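In the C-alpha cells that follow, the same protein chain appears in two forms, which are kept apart as structure 1 and structure 2.
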Structure 1
C-alpha cells in the first residue's frame, strides 16, 4: 500500500497504517495531511466529545488573529512552539502573505509531526523545523535551526498555542515561559492559548468528556483565568487581556457564537517591554 498510495509529503519512515495525533489534529483542522487510520481515530474521539472540534478550531483561529496582530506591530520572525504539522492556517502562510521575507521556526517533539513538516516545507528557505522538547528552552534557542534563521537583535513573536495545558504543574510552565521571555529582546510578543475556566465554573458533567479526551488524545491540565494570566509575568498584556478565545479580537461575527462567553479556553498576547 505504501508504495502505491504514499504521497510525496509522507516520509518513507512513517508508518501509514499507524494513527498519529499530529495527523488527527490535521484532520480536525480540515487539512490534507492525514490518512484513513487518522480519520477513524478522529471520528471516534469526536463521537465521544463532539465539542472538541469547535475547541480546536477556535485555538487555530486565535493563532491566526495573534499572528496578524503581531504582524501589524512589525513582527517579521516567529517561533512556533508545539507546532504540530503546519496545516491549514499555519504561521508561515499567514506571515509570508504579509511579508514574503517573514521567517518562522516550528518546534515539536513528535517525530511524526516533524517528519511531515520537513517534507511539506521543502524548498521554503525562510522556514525551519526543529524536533526537540519545547520545555528545554536552552536547547531550542541554541539550536542551529533557530540560530540560523532568527535574529535575536530584533523582536520575535513566540507562539504557545494549545501547548501549556499539556504541561503539568510539576514541569513548571511558568519557568518554561520565563526561559523564553528572558531570551527574547524588548518589543517581542508572546501569544498563549490555554484550556481553562473561571473560578466556580466547572460543571461535574464535563468530567466524562475530560476523561475521554485524556484517555484518547493526551493528558490535559485545565487552569483558571488568573493562572493563565500569571504565565505572562514580565509581559504587558495587550487589549483585551486574557479573554475567552472567541472574544480575543474577533475579526468577524463568524468568530462568535452563543457559547463564546463561556468557552473553556483563554487566549492572550503580551509584549515584552
Structure 2
C-alpha cells in the first residue's frame, strides 16, 4: 500500500525483505504464514506493548461476532475488505457453517495474502478473491469477482475489520466508506473495527512500538471514537453503537476485564436504512 501510484497491471514487487501488514498480523494471531522479518517486527512491537496481543485477538474476535450478528440478521453475502491472510475462523467458514450457500468476496491489496487465499479457496464456488486497493471503491464494486458473486438487490455485509487505520485522513476514509455505502442496498450492514483511543489514554511508553510499526510495516492512523462514529454516516448503528472492542456484544462476561473500558480499539456495526 505504499505505492498507490503504481498502475493496476503492475503489482507491487513481492519484497520479502519487508514485513507486511497481513503477515505480521498472522504472526500475532499465532499463525506461521510469516517470515523472519515479520516475526522480528512483531516481537519487537509486542515486547514494548504487551497489551497489543489481546488487541489483535480482539479484532479477530470482533470479526467473528460481527459476522455472526449479521448472519442472525439474515445477511448471506459478505464483502470482506482488507481480508488478510486466511487463518482460522475465516468469514466464509463462519458464514457457511450457518448457511452453506453464503457467499463471500475477499479483497486485499497484498498479493501474497491474495495468492494464499486463492490457493486454499480453489474449488469453492461461493467465494471469490480480488486483489485491489479497497480505496478505489469503484474498481472493487465493478470487478467481475464482486459482480459475478454478489447480488446488489439483496443486503450485503461489508466488513472493514482492522483496515481503516491503514487509510490516512488524506485518503479520505470517510469518502471511501461512503462509496461502498452508496453501492449497497438498504438493509445492508457495515462492520468497522479500528485502532484508536480517547484523549489522554496514550501511554508514552508505547511511542517506540508505534514508530517501529509505522516505519517497519505501515503507517497507522489512530482515531477517536467520534471519528469512528463519523465513518458510519448514513448508517444506523446497532447496539451498543461505537464501543471499545471487547465491549461490543461480548460473548461472555469472562471476556471482559479491567482494561476493557480503555481498550485501544473501537468497533461498531451499522445498518443502512
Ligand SMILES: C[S@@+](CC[C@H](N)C(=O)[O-])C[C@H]1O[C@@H](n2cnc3c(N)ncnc32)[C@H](O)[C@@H]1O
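Between two forms, the rigid core is defined as the largest C-alpha subset superposing within 1.5 Å. Residue numbers count along the first chain shown, from 1. As the structure is a prediction and not an experimental result, all values here were calculated from the model.
Only structure 2 of the pair represents the form predicted together with the named molecule. Treating the motion between the two structures as two rigid parts, with each C-alpha given to the better-fitting one, puts residue 38 and residue 160 in two different parts.
Of the two rigid parts of this chain, the smaller turns against the larger by 21 degrees between the two structures, per C-alpha superposition. In the core-superposed comparison between the two structures, the CA atom of residue 34 travels 4.3 Å.
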